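Quick heads-up: it's one chain on its own, the form predicted alone, in structure tokens.
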């Protein structure tokens, strides 16, 4: 049995109330202690300088207007396709690694948080290659992350941080693990997604997930969320990979496909 599998089993034994699907009220009560009552205003703040954000192609007040406009359009289209349907849990993935989905996920969450009607929670569920914390400048010094909650080491309230943007909270992953599939498929992960979705109707939860092809994590995770955004890279992502990704997602609700790293003049 792997180290992660042993930790998951131990967590289930120590917190049996978290693993009984049939006892929803009891489970919700237990989770409530950890997740509810978390105000965006009393989160610990880990704010990176604008120079760090701009270097990592994240939105700042100094970002070019056409880039800000592009994400505002993306936000508007997301609201148009989800808001009246109660769809607020969105995963961002791509066919292959390195096509820019983490940057898109972060900027989308930032853009949502800047809309006066909504708040945003950004969760790094790319446990194999976590990138949100490093890109945003949080999780400094190798602090605990989502992976530690999933194996029962910490409570979620100990992990969330505000990156210095009003109405945005980040739940980072801080340590990469090769056994991410076990964590993604765990009951605690499924329960966490349900709780996030339930807590606030005006909040969008954006999950940055691994790429789709060659590994199971995002395929499994797509069954937990309301919708999927697929990021493809202009000049790199092949039509075959896009078709394969759509076929893999099967009955998942694909909200849209984003053409990233636009190079066409």
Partner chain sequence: METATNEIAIYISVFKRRRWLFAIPAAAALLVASLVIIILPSIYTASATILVEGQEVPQELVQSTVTGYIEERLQSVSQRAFSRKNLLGVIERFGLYKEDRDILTSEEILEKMRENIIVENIQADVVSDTGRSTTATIAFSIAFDGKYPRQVLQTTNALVSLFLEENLRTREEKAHTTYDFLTRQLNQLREEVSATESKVAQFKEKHYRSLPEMMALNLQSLDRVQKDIDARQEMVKTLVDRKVYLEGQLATVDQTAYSYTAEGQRIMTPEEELKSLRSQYLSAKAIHSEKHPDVVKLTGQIALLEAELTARNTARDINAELESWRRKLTSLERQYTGQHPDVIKARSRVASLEKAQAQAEADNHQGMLKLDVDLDQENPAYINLKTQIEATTLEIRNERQMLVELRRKYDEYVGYIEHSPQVEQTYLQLQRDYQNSSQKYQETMQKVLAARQAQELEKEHVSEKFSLVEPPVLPEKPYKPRRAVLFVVAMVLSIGVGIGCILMAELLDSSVHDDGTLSGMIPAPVLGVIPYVQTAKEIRRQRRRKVFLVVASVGGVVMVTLLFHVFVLPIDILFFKIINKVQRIV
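Numbering follows the first chain given and starts at 1. This one's a predicted model, so the numbers in the text were calculated from it and none came from an experiment.
The discussion below concerns the form predicted in complex with the partner chain, not included here.
Looking at residue 190, you'd find every heavy atom of it more than 4.5 angstroms from the partner chain in the predicted complex. Put simply, residue 81 is close to the partner chain in the predicted complex: some heavy atom of it is within 4.5 Å. In the predicted complex, the partner chain sits within 4.5 Å of a heavy atom of residue 232.
Interface residue remark: residue 74 is counted as part of the site for the partner chain in the predicted complex, having a heavy atom within 4.5 Å.
Residues of 233-254 placing a heavy atom within 4.5 Å of the partner chain in the predicted complex, in sequence order: 233, 234, 235, 236, 237, 238, 239, 242, 243, 246, 254.
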